[in-house]
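Single chain ahead, by itself, as structure tokens, in the form predicted alone.
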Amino acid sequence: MIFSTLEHILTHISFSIVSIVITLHLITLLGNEIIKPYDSSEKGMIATFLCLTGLLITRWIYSGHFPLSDLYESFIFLSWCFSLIHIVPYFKKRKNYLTTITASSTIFTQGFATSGLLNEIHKPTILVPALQSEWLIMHVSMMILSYAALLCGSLLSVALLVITFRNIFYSSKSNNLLKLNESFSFGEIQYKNERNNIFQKNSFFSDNNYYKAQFIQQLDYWSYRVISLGFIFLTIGILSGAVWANEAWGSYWSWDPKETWAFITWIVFAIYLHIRTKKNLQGANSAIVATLGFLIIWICYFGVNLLGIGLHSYGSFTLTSS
């Protein structure tokens, strides 16, 4: 009873803190010259990380096994991974480009985990025989860590594509306006005035474009770094899962829906990393592959669980005490 109450308290505290962090980020975007809550939001994410750590430890003690046996526990662990990824750059004193992504992802995953959709599996249950193995910690933790890193890296690529295509749209729009001014000018003097005004604004736009280009390069760089880390975790997770499957089911690979989609995910991000080796395909081209990978991850992690079929059906919504 005490552990259940403590778990309930830590869940709501961590969710409340990360909600405040999101609000502080919105305040930063709206008026960062008056209020500078950056440091407060970073400390808020550290507090969220500590609360989620306490929540996982409490559930571990309460259930008697590592808390990765069902969809609810995996969502909580995924939130913990997002908060971990968030605070690493903070302690390394580097500029954190993942702030908005990790905070938003944490509140989304934790909000879903604590929603009424997963009420049936909030209470810890006895592990099914297939999960009563030391490989549980190794395999599942590596897979969830890989999902968190790959999702963050993919979202950076999505942001890169949005900014890139937005720049293309506005540049084409400005070119059309310039042509319009040239074709509808009513005299040479008026045309020269219009052209001079455009050239005066070009200095502002060139500075703006320079900073945008630098920002896009940073997004591309960090997306590659985070996805590379996630790919390593995914590889370790798949290999350890194969060894565990051989011990539990007598075969290394069964083409289970979860295994199949994990393999597809691995292939997609292997293609991404291969594309990154060619300089002419870096940037928007590789970001398109990473964006596709973002959708594939959610199918692998969450979409397959909706079906409730296959050898990994214990992670579905239909999980009960039996």
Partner chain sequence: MVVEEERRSSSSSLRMGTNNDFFNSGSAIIERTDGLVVDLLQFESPIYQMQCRQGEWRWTAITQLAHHGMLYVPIGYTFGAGMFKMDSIRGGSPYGAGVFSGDGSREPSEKELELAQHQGKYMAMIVKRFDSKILHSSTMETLLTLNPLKPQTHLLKLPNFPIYPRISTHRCSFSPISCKLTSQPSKDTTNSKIVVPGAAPSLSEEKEPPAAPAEGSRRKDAGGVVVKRLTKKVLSFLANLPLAIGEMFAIAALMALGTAIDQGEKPEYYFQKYPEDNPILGFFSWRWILTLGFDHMFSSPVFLGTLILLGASLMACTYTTQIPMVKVARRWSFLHSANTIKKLEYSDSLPKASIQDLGVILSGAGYEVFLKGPSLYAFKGLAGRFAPIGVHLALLLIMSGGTYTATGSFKGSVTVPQGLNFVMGDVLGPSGFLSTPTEAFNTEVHVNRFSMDYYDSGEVSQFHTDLSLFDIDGKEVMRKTISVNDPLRYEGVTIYQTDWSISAIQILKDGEGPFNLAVAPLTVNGDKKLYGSFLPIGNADSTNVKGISMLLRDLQSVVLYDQEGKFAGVRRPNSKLPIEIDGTKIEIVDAIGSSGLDMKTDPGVPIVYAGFGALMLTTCISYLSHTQIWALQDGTTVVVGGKTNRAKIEFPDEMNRVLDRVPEINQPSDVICG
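What you are looking at is a predicted structure, and each value in this text was computed from that prediction instead of being measured. Residue numbers count along the first chain shown, from 1.
Just so you know, the form predicted in complex with its partner chain exists too; it's not on screen, but the next bit is about it.
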| property | result |
| --- | --- |
| Which of 143-151, 157-165, 218-226, 76-84 sits within 4.5 Å of its partner chain in the predicted bound form, heavy atom basis | 218-226 |
| Contact label in the predicted bound form: K43 to its partner chain, heavy atom within 4.5 Å | no |
| 4.5 Å heavy atom contact, P257 and its partner chain in the predicted bound form | yes |
| Exercise: I271 in contact with its partner chain in the predicted bound form, heavy atom 4.5 Å | yes |
| Proximity of W266 to its partner chain in the predicted bound form, heavy atoms at 4.5 Å | yes |
| Output flag, I20, L71 and F108 jointly within 4.5 Å of its partner chain in the predicted bound form, heavy atom basis | no |
| Selected contact from A213, I137, V243, V88, since only one has a non-hydrogen atom within 4.5 angstroms of its partner chain in the predicted bound form | V243 |
| Contact residue in the predicted bound form, from A284, L50, L56, I275 (heavy atom within 4.5 Å of its partner chain) | I275 |
| Residues of stretch 235-250 in contact with its partner chain in the predicted bound form (4.5 Å, non-hydrogen atom) | T235, I236, L239, A242, V243, W244, N246, E247, A248, W249, G250 |
